[in-house]
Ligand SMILES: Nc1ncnc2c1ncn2[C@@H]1O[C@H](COP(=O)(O)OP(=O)(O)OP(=O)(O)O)[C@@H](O)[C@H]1O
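Quick heads-up: it's one chain on its own, the form predicted on its own, in structure tokens.
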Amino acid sequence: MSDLAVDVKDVKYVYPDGCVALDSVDIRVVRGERVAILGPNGAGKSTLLMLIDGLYRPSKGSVHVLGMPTNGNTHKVRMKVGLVFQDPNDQLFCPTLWEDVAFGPLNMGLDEEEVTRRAEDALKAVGLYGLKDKAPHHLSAGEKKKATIASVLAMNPEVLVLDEPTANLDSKSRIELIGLINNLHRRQRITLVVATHDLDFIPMVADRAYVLNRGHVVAEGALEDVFSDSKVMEESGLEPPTLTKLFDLLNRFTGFDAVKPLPLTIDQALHEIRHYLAKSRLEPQVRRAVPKES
């Protein structure tokens, strides 16, 4: 069995109007990995996700998911890949939340007992079981996002693909979403592919990234390496995470020690600050004022 969950080789995708959305794209995601697909609007991120889910067929090249070519195996691929659209209204269409979440398992031909178990487990996993009889259009934006994830989880996917998951979410919903995604990965070792241009979100849910720009992969690697490449960030129209940008400025314009790789999270930033203060001549009470790493 291949260790690759997603294997995109030399893929080109041309829309019917002749617009080239992707060209010569190579992307590989190992089973259990957390990978981000980054890029500005129009870079080809959503198109790539549609290809991974088997909704689109490549104009050139090949896409394999869990060892299966997506061409000719659309149904099998969609049973293994859970795609969460950017807009929940594109995914929620039943009169009640319960019916939406149960829809997938029902269409898999499962018996009533198994459908019920899966729907209950999925709704409990996202914390929405108490709202199962509510109409989806009456849910908040954060609840709708969780509901779409629940509808996908009920299918027991091995690969979870999220398209701009933080779009239209407030801070509380965003934090809850981060916890939900990480719990799924930790408990089920589910493979995560997250496409977004929200780069402050990515360090919380991914370890490696590909950068798309104008349909081409322009960078790939660990988050620290990708975000530290100011040329790639600038040419792709992306702003590095706020903390990364701050430490880059500190490195350039102050007497702060050169920090490499640049911090991506608060914990990493606190570690670097405490390390700097420990080496400085600042008063002990000032050093103590910096909170410990969580």
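As the structure is a computational prediction, the values presented were derived from the model and not from experiment. Just count from 1 along the sequence shown to find any residue number.
Although not depicted, the form predicted together with the ligand is the subject of the following passage.
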Though only this chain appears here, would residue 166 touch the ligand in the predicted complex if you measure heavy atom gaps against 4.5 Å?
no
Should residue 44 be counted as a contact of the ligand in the predicted complex, where contact means heavy atoms within 4.5 Å?
yes
Residue-level question: is residue 40 within 4.5 Å of the ligand in the predicted complex, judged on heavy atoms?
yes
Hey, in the predicted complex, is residue 21 touching the ligand, heavy atoms inside 4.5 Å?
yes
Out of 197, 118, 80, 144, which one falls within 4.5 Å of the ligand in the predicted complex, going by heavy atoms?
197
Which of 66-74, 236-244, 28-36, 46-54 lies within 4.5 Å of the ligand in the predicted complex, heavy atoms considered? The stretch 46-54
For 232-246: residues with a non-hydrogen atom within 4.5 angstroms of the ligand in the predicted complex?
none
